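Here we start with a single chain on its own, the form predicted on its own, put down as structure tokens.
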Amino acid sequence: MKHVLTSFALLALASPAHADQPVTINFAAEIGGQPFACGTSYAGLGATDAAVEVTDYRMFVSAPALLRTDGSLQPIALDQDGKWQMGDVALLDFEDGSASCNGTGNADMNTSLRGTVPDGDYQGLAFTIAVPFDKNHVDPTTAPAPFNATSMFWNWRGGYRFLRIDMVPTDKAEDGPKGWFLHLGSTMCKSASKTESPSECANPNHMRLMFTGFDPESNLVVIDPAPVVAEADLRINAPETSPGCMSFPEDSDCLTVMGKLGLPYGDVPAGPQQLVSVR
């Protein structure tokens, strides 16, 4: 029996039938087609050509996968690095806490997904901008990284901001809003209070994206909110609402925005998403 077991062990060592290949998906943050950097002013944004600085630029990505040549999806097994990636969720952080980002951001940055897939031929990329429901309504003060990013959290009922891009007009009126913030998260979540987890959310607001012809070796995922806010006036804010568009219902600042994230909003149907592209 000992001889048989030894033979199987040697065979296993000699035959790695399902080797994995490392894969890195690189992301770039831009504003109006220009590379994003804290402290840089970007002109010509929104319906009134506002100039803005950005104070925060982060997003959660989940369920990344490569598209096989037969059209099926191969999930990317993310490296569990104890900081940015856990399970099938990763936090991308494009700000470095300097200049305009001082006070809201931090020095550490993460601009890629890192993991493995089985050896094979792939022709595209898919991922979701969201935190899955079962991980979205937890206590961030006790959750492991990256779910301990409290500045990305609303409350237990609403969960995390999946996307946070905080823009501050540099030429706004003295009594104008403190900024125009683009925040995406789940809304209309049912729970007894803000400090209790909901049973469901009427508006999950998950952005599921797929790009064919994507090669991780040569392509880049680009995030740019400029097309999304093209019809919004970034120097004003609807009375009695949060600054900018934070996904909440009945906020007129969101009427021209959510559809461009590929999501329906009230009676406004979803349009083609314009936040993410590849090149």
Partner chain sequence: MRRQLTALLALAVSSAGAAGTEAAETAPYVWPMPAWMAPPPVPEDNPMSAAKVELGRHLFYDSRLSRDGTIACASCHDQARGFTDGRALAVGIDDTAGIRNVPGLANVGYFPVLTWGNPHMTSLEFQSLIPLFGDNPDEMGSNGREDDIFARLAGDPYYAKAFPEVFPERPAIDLFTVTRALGAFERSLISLDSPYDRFKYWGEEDALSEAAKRGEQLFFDHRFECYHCHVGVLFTDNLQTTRSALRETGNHNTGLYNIDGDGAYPPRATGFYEFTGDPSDMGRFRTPSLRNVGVTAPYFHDGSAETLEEVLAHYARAGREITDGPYAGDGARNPHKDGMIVGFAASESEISDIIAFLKSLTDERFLTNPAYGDPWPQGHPATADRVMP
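Just so it is clear, the structure is predicted and the values come from calculations on it, not from any experiment. Positions refer to the first chain, counted from 1.
Another form, the form predicted in complex with its partner chain, is not on view; read the next lines as being about it.
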{"item": "Exercise: residue 178 in contact with its partner chain in the predicted bound form, heavy atom 4.5 Å", "value": "yes"}
{"item": "Close approach of residue 243 to its partner chain in the predicted bound form, 4.5 Å, heavy atom", "value": "yes"}
{"item": "Heavy atom of residue 157 within 4.5 Å of its partner chain in the predicted bound form", "value": "yes"}
{"item": "Residue 120, heavy atom within 4.5 angstroms of its partner chain in the predicted bound form", "value": "no"}
{"item": "Proximity to its partner chain in the predicted bound form (heavy atom, within 4.5 Å), stretch among 124 to 132, 67 to 75, 103 to 111, 84 to 92", "value": "103 to 111"}
{"item": "Answer option from 36, 214, 248, 42, heavy atom within 4.5 Å of its partner chain in the predicted bound form", "value": "248"}
{"item": "Listed residue (170, 80, 151, 98) with a non-hydrogen atom within 4.5 angstroms of its partner chain in the predicted bound form", "value": "151"}
{"item": "Within 4.5 Å of its partner chain in the predicted bound form, all of 225, 260 and 279 (non-hydrogen atom)", "value": "no"}
